[in-house]
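This document starts with one chain, in the form predicted alone, laid out as structure tokens.
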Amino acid sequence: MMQDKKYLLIPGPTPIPPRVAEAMSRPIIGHRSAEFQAVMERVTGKLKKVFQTENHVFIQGSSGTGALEAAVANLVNPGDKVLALSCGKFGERFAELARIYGGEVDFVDFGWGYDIDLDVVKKKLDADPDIKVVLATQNETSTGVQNDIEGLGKLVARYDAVLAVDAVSGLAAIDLKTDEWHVDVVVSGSQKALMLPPGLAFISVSDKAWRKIEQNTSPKYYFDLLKARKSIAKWNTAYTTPVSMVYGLEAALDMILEEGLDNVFARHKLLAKATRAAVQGLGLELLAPDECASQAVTAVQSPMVVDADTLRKVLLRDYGVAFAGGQDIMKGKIFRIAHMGYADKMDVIIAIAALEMALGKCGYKAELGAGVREAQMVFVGGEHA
């Protein structure tokens, strides 16, 4: 086979559209120039449309984890009570950051493969009116679970607590109406559904959150959102802006807005439905139940006769197809197929066709074409809907 031909189906970094790569190849200009300020003003306006907000949205040179840390550093004072809602690896990371910044964390683990139970959250908030911050993950890529952020946002809005949501892997794949759903802080990253390389992070901040931030005493420098707010008044960032990445960001945002947000979400939902149907058609079990299944990534339990990491090695070695493995307690037990960002129907067909062949090589006998057929049936149905 052509050894350099690869098919990237991991939940970040995701494939980059040629239009985005071309935009990033433009000549560099000064990040403090009037010309670049015009770019930043234009790009920020488009970013706010994808966030579905009128709030400030900041662009930050960092990974998504940097945006999570910025949210915590600006919201959590030492000793503040923090309610951390977790259903996987990234929920755990959010909680860990809150502990590092001195928060008194009430960590609620709903279990890997399950979503947040809003009744539990309500009981926690009713029982402790001193909770200052609630942390949650929109799309838990470690388990293929998406949470009900609409319900959570409208619930937390009834209390004094500020809600911060990790939408690093969910923004632009799963609907998130920031303002309408009362989500105070939303953070995201460039290398997921936004179709860029790693290196940019984004943070939106509500008026309710600003009141908390303005009283914050936690030590911070690079991640200081008050500095970011001061800089954005001049359409700039507090520190050096990754200029080429911003060019690419605008191209990616243009693609998303031209397709239309509702169409983008519908595409992701269709790809997820086809992937899940295909996997079940091969007799494999999914980790997340249908009612909380992610539109961006599907987590699959590896059959007893096949170690998930061995299967992934065969997929990459023989077919050039990259799936993600399990993390922590799921290592070797699951594999994850991403279908976010610059993804379409044929990406799913390729992924499933390669999976069928790799399973056979690993000793799991599945009927060739059974999974592909199930995916095709979903796609044909979607076209005729």
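When you see a residue number, it is the position in the sequence shown, counting from 1. On a predicted model such as this, the values are computed, not experimentally measured, just so you know.
One more form of this protein should be noted, the form predicted in complex with another copy of the chain, which is absent from this view; the next part is about it.
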Fill in: Interface membership of residue 128, another copy of the chain in the model of the complex, 4.5 Å heavy atom rule
no
Worksheet item: Hey, in the model of the complex, does residue 260 get a heavy atom within 4.5 angstroms of another copy of the chain?
Response: no
Discussion item. Can you tell me if residue 69 lies within 4.5 angstroms of another copy of the chain in the model of the complex, counting non-hydrogen atoms only?
Written reply: yes
Item to complete: Would you please decide whether residue 244 lies within 4.5 angstroms of another copy of the chain in the model of the complex, comparing each non-hydrogen atom pair?
Response: yes
Discussion item. Using a 4.5 Å heavy atom cut-off, which of 266 to 274, 147 to 155, 293 to 301, 98 to 106 contacts another copy of the chain in the model of the complex?
Written reply: 98 to 106
Fill in: 63, 227 and 239 all contacting another copy of the chain in the model of the complex, non-hydrogen atom within 4.5 Å
yes
Worksheet item: So which of 346, 38, 28, 329 gets a non-hydrogen atom within 4.5 Å of another copy of the chain in the model of the complex?
Response: 28
Discussion item. Between 206, 191, 216, 86, only one gets a heavy atom within 4.5 angstroms of another copy of the chain in the model of the complex; which residue is that?
Written reply: 191
Worksheet entry | Neighbours of another copy of the chain in the model of the complex among 204 to 223 [non-hydrogen atom within 4.5 angstroms] | 219, 220, 221, 222, 223
